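Next up: just one chain, as structure tokens, the form predicted alone.
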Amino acid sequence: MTKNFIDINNFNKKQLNDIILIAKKIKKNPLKYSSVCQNKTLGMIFEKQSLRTRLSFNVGMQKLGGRVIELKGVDIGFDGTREKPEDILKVLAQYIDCLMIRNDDHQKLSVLANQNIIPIINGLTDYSHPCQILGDFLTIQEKFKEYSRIKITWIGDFNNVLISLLQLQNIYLFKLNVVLPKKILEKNRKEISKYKNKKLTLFKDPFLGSLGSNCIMTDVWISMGQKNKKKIQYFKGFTVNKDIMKNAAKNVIFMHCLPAKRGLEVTSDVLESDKSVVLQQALNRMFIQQAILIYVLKK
């Protein structure tokens, strides 16, 4: 059976712990893993803009001794206009060992993964962002030894990063406060109910939700490619600022997957404060991606 990395909830705690442990070992001793992907080639298809995902997979694979080829979906006919994506995947499998896709169609990604032709990695879709949230969890473990006891607060939109966070929380059962504007909460309540448990709490007030939190997480209010620009009006009072950070625990950290819209979801002084771990998050993306590559390529 081909190994894929599509969603966090496709894995159990042991499997995720194994991937995180590999990432920690690589970070501690990168030279030990400098040839584990020798003679392996990673293909990458970007149908959405990317900085951190592109760099972390590209540089990460090369540091493992592997090769990388970036493919433009429009150039290879990945939109289905020339041939079926499934047929393209069969051809790609003759040349490469693994394929990372970043697109706006989670269903398409899932269909390709179910072909069991070569390993498929979700580099981000409209539905989820598992590589990001697993890298974030590595960062949290580095900051908090007793990470199972901490409280994380998400303040912002209901988006792909939050879905992956909800899936992670449903496995590890840490305390998670999700703070969403009233209209967005009502619209997505059915989806959120899939992850309902005693340690998941929903809020509409950022100050109530952030009280005593050890980690404040946010993301842009209007995700890349979204057409409903008017929803930004729902986020009045949702900017993560010094007051919200002071309302949290003394050891609080601030997390953002980036890019950030300064002055909207977060103020510059918070983003650049000593509580901010956004650059550590960005770096840890590479180690998690390396661990995922090792996991899916291992026979």
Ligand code: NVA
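Only a predicted model underlies this, so the values are computations on that prediction, with no experimental measurement involved. Residue positions are given as counts along the sequence shown, with the first one as 1.
The next section is about a form of this same protein that is not shown, the form predicted together with this ligand.
The putative spot formed by 129, 160 and 219 is fully lined by this ligand in the predicted complex; each residue has a non-hydrogen atom within 4.5 angstroms of it. Here is the short version: of 124, 98, 176, 165, the single residue with a heavy atom within 4.5 Å of this ligand in the predicted complex is 124.
With the partner removed from view, the residue among 266, 244, 42, 257 that has a non-hydrogen atom within 4.5 Å of this ligand in the predicted complex turns out to be 257. Residue heavy atoms within 4.5 Å of this ligand in the predicted complex occur in exactly one stretch of 113-121, 180-188, 85-93, 152-160, and that stretch is 152-160. The closest non-hydrogen atom of residue 170 lies beyond 4.5 Å of this ligand in the predicted complex.
Although the partner is absent from this view, residue 141 stays clear of this ligand in the predicted complex, with no non-hydrogen atom inside 4.5 angstroms. This ligand is not drawn, but in the predicted complex it has a heavy atom within 4.5 Å of residue 223.
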